[in-house]
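Quick setup: one chain, the form predicted alone, written in structure tokens, and binding and motion questions come after.
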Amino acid sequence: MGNSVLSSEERILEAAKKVFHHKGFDGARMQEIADEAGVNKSLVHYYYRNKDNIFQAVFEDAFSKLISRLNEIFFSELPFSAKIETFIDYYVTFLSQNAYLPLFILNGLYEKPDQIRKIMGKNQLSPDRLMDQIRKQVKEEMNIDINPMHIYINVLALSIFPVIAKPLIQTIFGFSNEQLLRFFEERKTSVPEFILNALTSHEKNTSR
């Protein structure tokens, strides 16, 4: 019984991901989710009651996956350069395997901005604490005074944008799927080098 219940819930969540991703919150219908999951609409209502609840479950699952290792990496004992390398290696791999997540989360934030605060609280993600950690480590290891938000946003942008812009990149450069995967692999090395070289350049410029 337990396995069949879990299987039904998993199918409903997977179906909801697809429907919300393609139609957004306002355009999605419970019947469409039920049809996609291959279950009766009443079963969707039984588990989630309404569309708000199922959207919250789907959004929380998506966002939690995206930030699951953030605290683990940035509050570890690794040197800052190793944290950047580890973070980008993980996120480039994860996002290339879950390409729907960034746009789904962005669309979800526009439609349900309050969800982000709830999920950050559940995942014990404190932006202030994270920024303080980055600022402190960059100062101690690299002797650089810089707004840590710029470092973090740049790392996120360089990791996420190529995934969101996958069709554009393939069109402009004529990449096949295999070539695009190789390009993503190259970014695991090139992006950390770019970030760390930029910080080193910043240190030289400010010390003049």
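Rigid core (definition): largest C-alpha set, two forms, superposition within 1.5 Å. The shown structure was predicted, so the numbers you read here are calculated from the model rather than taken from an experiment. Just count from 1 along the sequence shown to find any residue number.
Not on display, but discussed next: the form predicted together with the DNA.
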| item | value |
| --- | --- |
| Interface segment, criterion being heavy atoms within 4.5 Å of the DNA in the predicted bound form, picked from 179-187, 64-72, 26-34, 161-169 | 26-34 |
| 4.5 Å heavy atom contact with the DNA in the predicted bound form for all of 40, 43 and 47 | yes |
| Rigid-core frame, C-alpha of residue 191, shift of 2 angstroms or more between this form and the one not shown | no |
